[in-house]
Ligand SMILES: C[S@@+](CC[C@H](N)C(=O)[O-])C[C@H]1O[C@@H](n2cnc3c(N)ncnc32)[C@H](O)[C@@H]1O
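Next up: a single chain in C-alpha cells, the form predicted on its own.
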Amino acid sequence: MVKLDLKTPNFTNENIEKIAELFPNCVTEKNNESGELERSIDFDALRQELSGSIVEGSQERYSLNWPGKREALVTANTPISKTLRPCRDESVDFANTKNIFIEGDNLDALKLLQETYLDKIKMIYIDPPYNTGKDFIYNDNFTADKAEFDEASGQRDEGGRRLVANLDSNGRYHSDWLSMMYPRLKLARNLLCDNGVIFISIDENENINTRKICHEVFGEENFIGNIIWKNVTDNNPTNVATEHEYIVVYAKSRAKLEPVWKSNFSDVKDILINIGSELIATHKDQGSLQKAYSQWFRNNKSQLGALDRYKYIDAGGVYTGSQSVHNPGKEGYRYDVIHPDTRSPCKEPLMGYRFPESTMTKLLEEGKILFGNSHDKIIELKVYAKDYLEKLSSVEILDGRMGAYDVRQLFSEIKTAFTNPKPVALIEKYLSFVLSKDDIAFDFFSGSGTTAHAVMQLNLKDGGTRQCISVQLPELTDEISEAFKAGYKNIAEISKERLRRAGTKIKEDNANKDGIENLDTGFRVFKIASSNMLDVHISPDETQPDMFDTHIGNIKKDRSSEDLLFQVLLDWGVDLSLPIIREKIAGKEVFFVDDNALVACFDEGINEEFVTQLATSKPLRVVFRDDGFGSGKNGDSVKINVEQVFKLKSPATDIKVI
C-alpha cells in the first residue's frame, strides 16, 4: 500500500516538472543540503531561453557545453522574415498530393513550419552530416557581415549558401557541428506530436555527442534506444574494424508512446507466405506438402534470418513450432493436454502452462498446438508467418550498398548520383513501426529523398495515406561529377528527380494492383525565399508629401497571388497540403483552401458587391490585400462596409488583411 505523506504539495517540484516539459535543456542536477543529487533548474540556460540576445554567466553544473552554444540557442530563437514560394512546374500532381518538398536551408524551413506543423509530426528521420572531416555542415552565423563570413568560411556562392567544410584540423571541429545541430533539434522537437519520435543516423565520429545533445534537447528520460546497424564488411582493418553505423532514437515523451512497437511488414515474411501458398495449392497430401516445403526450407534457410524457425507447413500456411508454452519464472497453470494419437496426457512444462485452460482449449480447436511423436514431448505453439509481428531490435543487419542500388535503378545514366544513400528498405522498416496509416513523416536532411521514397513504398503495401515533408538545401554538385555533367546543378534537383522517377516506377510496376490509382506519389515543391512583403523603413524626418503615393503598395512586384496565399497559410498555421481551388467571382481571382477553411482574394478593387457574393460561402477565414480596398478615406469606408457585410452574412468569419 502507498502511504500518505500527509503534506501539502511540493510546488517547487511541480514547477520544475512544468519547466522540464517546455525546456528539457534547462533541467540539471545539483547536490542538496544533504549532499544528495536532485533535479534543479539551470537558471542561466532558462534566462537564455527567454532572451533574444546572448546572456553571460556560468556556474559549475552537470551539463553539455561547447564554444558557441549560447549563440546556437539565440540562432534557434531568432525570428526570420522569409516565406515559401510554390513551384508548380517542378511539382508532381500539385493539386492533389499531400507530400511536400522544400528546397532551401533546413533551419529556415524548421522556423517557417513552426505554426503549421506544431505537435503534428509523428516521426522524424534525419541523416545529417557525420562530421567525418570531409563533409560539409551549415554555418548559421546570421550576425556576421559578408566580409566576416567569407573570412570565417572561405566560401559563399551567389545564392548565399552557408555550407562550409568542417575539416578535422579545425580547432572547433566538434563545437561547430554541435552548434549546427542544436538549433535544428530544438525546433524539430516542437513539431513532434506527444507520441512522436526522432531517428538520427550517425557514425562513430559524433555518436556520443548526438546522444548528449539529444539528452539535453529531448530529455534523458525520453531516450528510446541506440540501434547498431551492421552495414558493411571492412576488409582492411587497422585495430578495430568499423563495420557499423548508429541510429539514435528519442521520443518527445516516452510516457506517451505506444507501449509496444511491432510491425506487420517483412520482406522475408512475404516470401514465406507466398511460397507456402504456392505449395499448398499444388500438394493436397500433408506428408508431401511438408516434404516439399522442407526441401525449399533447406535450400533457402540462410536467407531467412530471424524467421528461420518457420520450418513447418500445413493447410493454414507456414508456421513455427518453437514457440514455448512454458510459464517462465513462476508457477503457471496445471491441467492435462491429451495427445491425439496416444490418448495420454502430454508431458507438462516444469513450471506449468502459461495459458489458462480455456485459452488452451481455444488454441486446440484452432489447430495451433503442435504435438510431438508421443506424449513424452512437451507441446509447442504454432505461430503462422501470416500472423508474425516483427519487433524493433537494437541490432540491424542490412547491406549498406542497397541504398546505392535503389538510386542506380532510377538513374541509369549516372553511375553514382549520391554518396552512401540510405536503403529504402531500412527507412521503410522504421516507418512501419512508428507510423499509422495517416501519420506524417519529416526529413529535414533529405539528401537523396530516401524517406519520401520509403513512405511511397509503405503506402503501396497497406493502402495508407501517410505524408512526407522533405527539406533539402540546393547544395551545388561538383563540376567534375557525373551528376553535374548529366545536368543536375545541385543536390535538391537530383532528389526531386529521384522522387519523380520512383513514383512513376512504383505505379508502373504495380499497375494491376487494386487501388494503385489512389497511391500518392506526388509532391508540392516550395522554395524558401525572402518575404513577399516590402521592408520599408522611413523615419519621420525623411518623409515627403509625394512619397505616400509611391509607397502605398507593400507587396513585392515579382510575387504572384499564389505566393501571397502560401505566406498567409504559413502565418495562419494552415496545412500546406490542403486542396486549393481557384475561381473567378465578379471578375476577381479567389482561392478556396479546403473548401471554405480559408478564402483569399489579393486583387484590387474589393467592394461590397463582390464581398456579398463571397460571404455566401461562409468561410472560416478570409484574407485580402490591405490596399485592395483603395486608398485614403475611400478605402477605409470600404473596409468598414466589408466588415459589416460579413457580420450580417457570415458572422463567424475571421477577416484579415496583408
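This is a predicted model, so every value here is computed, not measured. One-based numbering along the sequence shown.
One more form of this protein should be noted, the form predicted in complex with the named molecule, which is absent from this view; the next part is about it.
Contact with the named molecule in the model of the complex holds for all three of N106, G449 and I491, each having a heavy atom within 4.5 Å. Using a 4.5 angstroms limit between non-hydrogen atoms, W177 is distant from the named molecule in the model of the complex.
Within this chain, G522 is remote from the site of the named molecule in the model of the complex, having no heavy atom within 4.5 Å. Not displayed here, the named molecule is approached by P128 to within 4.5 Å at the level of heavy atoms in the model of the complex. The named molecule is not drawn, but in the model of the complex it has a heavy atom within 4.5 Å of F418. Stretch-level contact analysis of 242 to 250, 120 to 128, 276 to 284, 319 to 327 against the named molecule in the model of the complex, using heavy atoms and a 4.5 Å limit, identifies 120 to 128. The single contact residue among K269, K496, K98, R184, judged by any heavy atom lying within 4.5 Å of the named molecule in the model of the complex, is R184. K422 is the sole member of K422, K382, R466, R189 with a non-hydrogen atom within 4.5 Å of the named molecule in the model of the complex.
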